[in-house]
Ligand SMILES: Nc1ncnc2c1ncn2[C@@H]1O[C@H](COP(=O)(O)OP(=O)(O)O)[C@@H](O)[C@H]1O
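Only one chain comes next, encoded as structure tokens, the form predicted on its own.
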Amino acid sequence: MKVLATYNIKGGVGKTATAVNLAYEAAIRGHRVLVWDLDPQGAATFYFRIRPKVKGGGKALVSGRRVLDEIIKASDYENLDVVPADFSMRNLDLLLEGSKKPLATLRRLLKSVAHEYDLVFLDCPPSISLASESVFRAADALLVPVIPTTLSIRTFEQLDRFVEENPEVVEELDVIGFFSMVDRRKRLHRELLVDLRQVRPDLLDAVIPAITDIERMGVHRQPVAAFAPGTRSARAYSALWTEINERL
């Protein structure tokens, strides 16, 4: 089982849309997929038409009173299940601080379902915290959406520095960056697409555009390819998943 976390220190960069659409792409290609919505805002849960509530909340999970398998919900799509968000997860840092091995907690919880899934997507809130470090320890790779703007690139660099300076936390973690919410009508976006690729040739080739179809996910409560197959945005996520899957 591979664990992939959609993560960025900065919010509003397309993490949830990435998790939802890539999970759908993987599922329709035959992978057994689990999406765990770790963001207390519950956007991924909303997109999958699932109630954002976990009995006992995050405390029951972290303490071991409940196991992950007990709270998994089926989605509308074959091969795709969801661990819904719960508002108590806003206190995940505090819950982890009270546990014996905080960095190992998410990995331990995921281990119980390793035989059931090929892929797990963790949709993470924007932060750099104890909860983030637990995600880093649990994940095989971070999928990092990067908007071609100065501030978004700056947070990507901050993440790079954290990974380099904290090997005991991240262990063997692959950081996979790609451009998200790209508007080629903007000169700054076009220029930074070129400039950053020269500095970071490891960035993926696939680019997610800033396009209305992705915003309409909230109206349809579906992945893009489910309600708008064949569109530019659906093709972009398909290409992104193909590239990520090849890298894995």
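Predicted model, so just to flag it, every value in this text is computed and none were measured. Residue numbers here begin at 1 and follow the sequence given.
There is another form of this protein, the form predicted in complex with the ligand, and it is not shown here; the text below is about that form.
| For the chain seen here without its partner, which of 27 to 35, 183 to 191, 197 to 205, 210 to 218 has a heavy atom within 4.5 Å of the ligand in the model of the complex? | It is 210 to 218 that comes within 4.5 Å of the partner.
| query | Do residue 13 and the ligand share at least one heavy atom pair within 4.5 Å in the model of the complex? | reply | Because a heavy atom of residue 13 falls inside 4.5 Å of the ligand in the model of the complex, the answer is yes.
| query | Should residue 17 be counted as a contact of the ligand in the model of the complex, where contact means heavy atoms within 4.5 Å? | reply | Residue 17: yes, in contact with the ligand in the model of the complex.
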